[in-house]
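Shown here is one chain on its own, the form predicted alone, set out as structure tokens.
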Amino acid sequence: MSLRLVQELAGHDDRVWSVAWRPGGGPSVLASCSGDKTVRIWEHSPGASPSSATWVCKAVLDSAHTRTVRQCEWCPAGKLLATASFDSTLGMYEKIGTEISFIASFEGHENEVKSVAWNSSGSLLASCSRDKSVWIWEVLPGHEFECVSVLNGHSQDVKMVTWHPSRDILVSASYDNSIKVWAEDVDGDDWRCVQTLAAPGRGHTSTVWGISFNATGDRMVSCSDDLTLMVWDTSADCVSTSADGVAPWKHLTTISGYHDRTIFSVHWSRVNGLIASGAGDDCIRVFDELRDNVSTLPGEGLSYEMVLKQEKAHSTDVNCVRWHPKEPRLLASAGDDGVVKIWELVGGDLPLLSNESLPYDPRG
């Protein structure tokens, strides 16, 4: 396999931190956010081949934040776009037709907001911050957002939050080298940490920068400053912890020996099953599960192989990699060089790119 550069999207005046594909039908839409305090909306020409260089900037959103926009995320329905900023606030935009309008800004965090994430139904939004906290917001009618829980468990800056693809289970990654798993109490009054994935034992030994689930939610991958990717078995019901205290989510395997600088981003494709990673060595790598495992026990003998390495994917750090939610061969990346790149995966036995949209996936 190899990556073919489809198009380089230039326009940001500072490093690009994150990209997010808009879920739903219609032409492909990608949002990118930057240290230049803006979010840019890129759209692919309707009817054109997905692998054609016909991406254009349709909007520049600059009314929400006064400092770096660290992450942006579309809600599952593709109508709302949430942003996280170093100005300690979250922003919210609404897409109606071809127009995107700023509708809300909400406060609460005491320091830089690093990440935002929607649950699978779009009813909850999570955010995390340098202030060591994770907030859960409920989406109410009339563009109102109410904080329903503030989660204090990390001892350092929280780098990323993400939700399980089908259950209301939240996962956070932190500068304290740990991953925490959060779930709502049985009585629904509050949220609690049901598990911490960390060293000693099977866990990262340095900052955890990113986390991503596979399509079914029974596995999760994490990336770290310790130069490894870790794959976790997340199939167990972590809300009901066993009486003997054994962690229900377990480490399956560590992917190591490939990266020689911090791994900033990892994304598990929900279409083709491949894992992409972006790192401080300016490279993008793609991993696939080895298919010759003969063990019948879950996770036993599991291993992953690197199927491609894209040297100099960006001229400096790769901050974010994201697979397209429908097209199995499209990958977007963002870097410190201030550009967004659209890539096509060439080779392998994946289906060819198609102009036809796949069925709508409510999880995005």
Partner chain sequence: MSANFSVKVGRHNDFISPSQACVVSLNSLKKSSPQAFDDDGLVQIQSKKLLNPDFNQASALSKSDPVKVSLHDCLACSGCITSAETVLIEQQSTGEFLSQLDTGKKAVVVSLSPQSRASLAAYYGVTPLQAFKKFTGFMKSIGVRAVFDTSCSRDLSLIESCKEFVTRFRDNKNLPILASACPGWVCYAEKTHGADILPHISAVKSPQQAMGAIVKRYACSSLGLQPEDIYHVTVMPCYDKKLEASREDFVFSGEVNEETDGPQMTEVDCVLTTTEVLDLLATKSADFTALEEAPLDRLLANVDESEQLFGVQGGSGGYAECIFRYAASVLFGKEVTGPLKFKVLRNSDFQETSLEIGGKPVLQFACVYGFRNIQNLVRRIKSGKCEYHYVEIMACPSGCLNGGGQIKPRKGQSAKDLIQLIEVTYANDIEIRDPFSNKITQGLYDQWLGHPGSAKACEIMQTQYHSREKTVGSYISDW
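Not measured: the values here are computed from a predicted model. Residue numbers count along the first chain shown, from 1.
Note that the form predicted together with its partner chain isn't included here; everything after this is about it.
- Among Trp232, Phe264, Trp74, Tyr93, the residue placing a heavy atom within 4.5 Å of its partner chain in the predicted complex is Phe264.
- This chain lacks the partner; the member of Trp163, Trp249, Phe86, Phe287 within 4.5 angstroms of its partner chain in the predicted complex by a non-hydrogen atom is Phe86.
- Although the partner is absent from the chain shown here, none of Asn177, Phe213 and Gly348 has a heavy atom within 4.5 Å of its partner chain in the predicted complex.
- The closest non-hydrogen atom of Glu110 lies within 4.5 Å of its partner chain in the predicted complex.
- By the criterion of a heavy atom within 4.5 Å, Asp336 is counted among the residues contacting its partner chain in the predicted complex.
- Although the partner is absent here, Arg67 lies within 4.5 Å of its partner chain in the predicted complex, judged by heavy atoms.
- Heavy atoms of Asp157 reach within 4.5 Å of its partner chain in the predicted complex, making it an interface residue.
- Only one of 213-221, 266-274, 185-193, 250-258 lies within 4.5 Å of its partner chain in the predicted complex by heavy atoms, and it is 185-193.
- Residues of 143-160 placing a heavy atom within 4.5 Å of its partner chain in the predicted complex, in sequence order: Glu144, Phe145, Glu146, Cys147, Val148, Ser149, Val150, Leu151, Asn152, Gly153, Gln156, Asp157, Lys159.
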